[in-house]
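Just one chain is shown here, as structure tokens, and it is the form predicted alone.
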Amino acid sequence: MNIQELLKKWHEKVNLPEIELLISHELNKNRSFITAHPEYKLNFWQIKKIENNLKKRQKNIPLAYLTKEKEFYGRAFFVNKNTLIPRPETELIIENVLEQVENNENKNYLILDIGTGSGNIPITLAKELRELKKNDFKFIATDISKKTLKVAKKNATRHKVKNNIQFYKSDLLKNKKLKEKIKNAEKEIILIANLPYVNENFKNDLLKKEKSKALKFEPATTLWSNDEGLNHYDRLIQEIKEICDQNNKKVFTVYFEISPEQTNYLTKKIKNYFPNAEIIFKKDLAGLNRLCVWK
């Protein structure tokens, strides 16, 4: 069977770009090769692997889990079933942190990523800041899952920034060594968190919708949260408060990725612990509040 015959066989079951992507992944060729060489003969094992992935795709298994790769901020990241798949919306965090750094060019920050997942956020920032000749920044990335941290470390090695990032297994800020690191940090801290924020109450309805069915294949611990989807953030705010109470000289700028309808409720939660906090919301490409920045 050649590429054209395989495309013809599957084009009514899986959309064409995805078929081409799975073929190019198996052949380790780019998409242009697929379109330019429809007569290319596939061997038995290639066909078997491609069709096995196509059957999985029919069941809504995310494409990124089939190719073990997802692009984020122009770079490819390894992903598997232990990690949340990076979303384009999260690139808003990168843009705003870089803007903060560029507007305060004389400052060197400790950048702390809570719930790092694939490590896409700290790795991207480390790469971007290196390109800006800013090499004095320190990075810490945490995750509650040992298996997830293994993926993040693999990506850090892949992108040649493993020596720039310290990794900790931690439930939010509870790790004692992590607390010591934060306590002894002389730098101002940029704390980033893309924690579970999808309202647990919406889970059953969301998973019934065609466009959301793939969510059931991503780790539940990376998606769902109770208390209107803000339980994880509420706990993290409390832990930041405890650190600030112990050392009132600590300066945090905090970045939370959120769901747009959480704007008012999250504001109340932050103000409950930090009445004088300066809070702003940044909009995504759809014009919706996606990023909460507070200090």
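Start at 1 and count along the sequence shown; that's the residue number. Here the structure is a predicted model, which means the values were calculated and not measured.
Omitted from view is the form predicted in complex with a small molecule, to which the following refers.
Though the small molecule is absent from this view, in the predicted complex it lies within 4.5 Å of a heavy atom of just one residue from 108, 175, 166, 222, which is 222.
A single residue from the set 71, 171, 180, 102 has any heavy atom within 4.5 angstroms of the small molecule in the predicted complex; that residue is 171. With the partner left out here, the small molecule still marks one of 83-91, 181-189, 207-215, 125-133 in the predicted complex; by a 4.5 Å heavy atom cut-off that stretch is 83-91. Among heavy atoms of residue 195, some come within 4.5 Å of the small molecule in the predicted complex. Among heavy atoms of residue 56, none comes within 4.5 Å of the small molecule in the predicted complex. Within this chain, residue 148 lines the site of the small molecule in the predicted complex, having a heavy atom no more than 4.5 Å away. The small molecule is not drawn, but in the predicted complex it has a heavy atom within 4.5 Å of residue 144.
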